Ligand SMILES: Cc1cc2nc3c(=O)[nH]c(=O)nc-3n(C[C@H](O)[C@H](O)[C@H](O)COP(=O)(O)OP(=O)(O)OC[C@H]3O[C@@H](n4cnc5c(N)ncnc54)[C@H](O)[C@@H]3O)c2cc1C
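Have a look below at one chain only, the form predicted alone, in structure tokens format.
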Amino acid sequence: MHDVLIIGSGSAGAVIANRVSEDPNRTVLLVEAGPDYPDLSETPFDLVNSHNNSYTDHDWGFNYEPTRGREAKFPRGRVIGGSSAVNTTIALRGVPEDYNEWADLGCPDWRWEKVLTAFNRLERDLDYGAESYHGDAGPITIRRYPHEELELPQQAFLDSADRLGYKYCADANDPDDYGAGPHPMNKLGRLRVSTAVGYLAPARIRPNLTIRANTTVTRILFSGCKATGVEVQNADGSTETLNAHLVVLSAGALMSPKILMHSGIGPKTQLESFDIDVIGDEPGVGQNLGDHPALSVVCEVNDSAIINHDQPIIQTILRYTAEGSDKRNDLQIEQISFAGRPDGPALFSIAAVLEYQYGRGELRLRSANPSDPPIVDNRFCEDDRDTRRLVACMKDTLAFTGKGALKDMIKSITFPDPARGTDDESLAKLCRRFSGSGYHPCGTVKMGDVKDPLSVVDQYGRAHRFDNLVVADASIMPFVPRANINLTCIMIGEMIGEWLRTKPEHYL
């Protein structure tokens, strides 16, 4: 019997394991479905290589439907460190308004001035650590590429942004700034500074922390409305029960609602359709799925020598506000250094990304079998407010191909086909048909006021209607922040990890 059992060792779970195990009098068990590499010197190259994502070797193998009738791969990390161990290492925070809106939705302890403390605590910012809105001693090292380290397409992107009249932004994590500049990234050279590296590596020496890899949680166990532990499937196929005084679910925005539903917590009609015994009717589980819809302009270049698939895939960003929008910095444009296959035409792309999303998708069970992947239905651009702003972003992105250094590099635009039109109506059709995920799923176990019928947990991650059960990961976000969400997930781990460590009586 452990004091705290944490399901999932990703961007939030690994952080919580570190923070709670700082108390030597509490035993902590961290359970992870994927493998563990406790010796960092033996970490596989795909996990080290921050120049590109790891897509297959440590992946769950999920698919999703970004728009109706279209299915695509949805990479998610299945390894100690979770998706923080396989991602692009973009270290953005979002804007203060994101967290103030969370607070206004029944989560007052998530106001910007409060989460800022956690953001500062998690980071070691090598460029701006002395600023009051940054940290210089945290577990996650962050830096920005200086101009001389940028790939040629990335340098050209900043030149074109300047020619198009966008202001320069030296620090995209300055809470008041916007514009084009280098991405803050949690990487050192090629090394991806994941939560496995930053948080778990120094915590492994603690005798009260146990890490169990290759152990898949199939369901949470209850006595009445009280969580008592989990049922797991081991690598050899055997089933085992692990008991704990407190269960913390940190399996991510896709797996956390799935585990809850297999445990009997979720929309009653859906659970009954699979003959799953209903522990509690929670209509919000799997609903409210948020993300960042995106679409790219793909270009063939004149000189194939500037495209190198072994160099960083992304280094720069433009953050700005759509015309007429009251949501600051609700659009992003990002230069992607290479696209397509290494043995194919020499391509790069420029991504148009919608950062403030109004529309919502949902996640559903595929069957009663916990081994079956979920159905992920994002429904991008079904809300006209999203379509209009993504169309505007696409038009702004296309403008990059006709100005400055980027224009000089481009041989032709291969998508979207200019001959098929770039007017609003034509681009809207493309957005509704071809928008894809920024791979930032969240919101599927929403936190908020207990009176909100779609709210599943309170602002501290505590299940509204169940005891000894906490959810702490991207799934509890009320909506997606205006940023790649890895840093926000780590911040969630810091916030709830500290509450669990310093106020354990509030969770039992």
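Numbers for residues come from their place in the sequence shown, where the first is 1. The structure displayed is predicted, hence computed values, not measured ones.
The same protein has a further form, the form predicted together with the ligand, not shown here; the description that follows concerns it.
Residues placing heavy atoms within 4.5 Å of the ligand in the predicted bound form fall in a single listed stretch, namely 473 to 481, out of 65 to 73, 473 to 481, 445 to 453, 37 to 45.
Within 4.5 Å of the ligand in the predicted bound form, a heavy atom is found for all three of 32, 440 and 486.
By the criterion of a heavy atom within 4.5 Å, residue 153 is excluded from the residues contacting the ligand in the predicted bound form. In the predicted bound form, residue 17 stays away from the ligand, with no heavy atom inside 4.5 Å. Shown alone here, residue 392 lies farther than 4.5 Å from the ligand in the predicted bound form, counting heavy atoms only. Not displayed here, the ligand is kept clear of residue 460 by more than 4.5 Å at the level of heavy atoms in the predicted bound form. Checking 255, 197, 317, 247 for any heavy atom within 4.5 Å of the ligand in the predicted bound form turns up a single hit: 255. A heavy atom within 4.5 Å of the ligand in the predicted bound form is found for exactly one of 290, 286, 77, 293: 77. Looking at 63 to 102, the residues that come within 4.5 Å of the ligand in the predicted bound form, counting any heavy atom, are 75, 76, 77, 78, 79, 81, 82, 83, 84, 86, 87, 88, 89, 90.
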